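Here we start with a single chain on its own, the form predicted alone, put down as structure tokens.
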Amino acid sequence: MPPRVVSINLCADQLVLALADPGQLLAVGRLAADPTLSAMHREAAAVPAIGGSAEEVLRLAPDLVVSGAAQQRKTNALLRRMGFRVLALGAPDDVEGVAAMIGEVAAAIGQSARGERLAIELRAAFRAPTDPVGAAALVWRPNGFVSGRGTLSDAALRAAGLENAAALAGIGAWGTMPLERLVTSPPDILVLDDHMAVKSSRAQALLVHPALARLAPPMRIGTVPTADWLCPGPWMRAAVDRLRALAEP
């Protein structure tokens, strides 16, 4: 019999929702049902939601807890001391790393065949096109945070036929692109997360700075739904499709 599972991490929630049998999940985190953050929000709505505390897990008595290695580090340690089996997931930022994580979760919950299919879907979502657009796009996040070569954002851009402007600017896997640098050397396309493009914090205010409007046109500004690529998985195909649409003249 497949193990009964509780998930207490947003990205883990989505993986187990995609992999588990109906009724196998005892609970997922509350954020899993938020359509602005979760690509699996419809599936999550049919599963009980918890806040993710050790006390809640104890009451449910699952066979396996799927969690985040960093975000729930203290809770994981407590659950292990209480005798629970905990699978703590890292945050791989390349396609093969995510495929391996899918396989690990699938094996742990007794769904290896489904995991293999999901990994195939993931690789297909990131397959590079034979006719790349060639335009340069910058995925720009709060505080000017950008992802360079070798990241999932970079892989999504390349799968959409686009060049990663952060990588072209010499930025490594992670870095920042100050507004001043962006204004003096704008990309062809500026990509924002949809729920980030609001002025709700000083970090997010950068994304709606008036200087950006003066760059368009010729620079195009578009958004990708945050839920489509906040967590890695085959649902990122929707983000790639959105990037392809933004690339169209």
Partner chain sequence: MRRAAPLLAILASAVLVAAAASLAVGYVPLPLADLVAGLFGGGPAAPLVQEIRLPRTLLALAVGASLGLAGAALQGLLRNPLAEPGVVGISASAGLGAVIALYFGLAAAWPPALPILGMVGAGVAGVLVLLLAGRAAGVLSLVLAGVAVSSFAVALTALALNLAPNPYALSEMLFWLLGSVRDRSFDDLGYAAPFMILGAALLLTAGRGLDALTLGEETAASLGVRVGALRAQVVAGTALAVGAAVSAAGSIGFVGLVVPHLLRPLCGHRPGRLLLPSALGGAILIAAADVLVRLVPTRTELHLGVVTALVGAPFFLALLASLGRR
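Numbering follows the first chain given and starts at 1. Treat the numbers as computed from the prediction; the structure is a model and nothing was measured.
The form predicted together with the partner chain is left out here; the points below concern that form.
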| item | value |
| --- | --- |
| Which of 65-73, 39-47, 183-191, 211-219 lines the interface with the partner chain in the model of the complex (heavy atom within 4.5 Å) | 65-73 |
| 4.5 Å heavy atom contact, A128 to the partner chain in the model of the complex | no |
| 4.5 Å heavy atom contact, A100 and the partner chain in the model of the complex | no |
| Distance check, V86 to the partner chain in the model of the complex, heavy atom within 4.5 Å | no |
| G52: touches the partner chain in the model of the complex, heavy atom cutoff 4.5 angstroms | yes |
| Contact assignment for the partner chain in the model of the complex, among V95, A91, A173, V133, heavy atom within 4.5 Å | A91 |
| Residues in 120-136 with any heavy atom within 4.5 Å of the partner chain in the model of the complex | none |
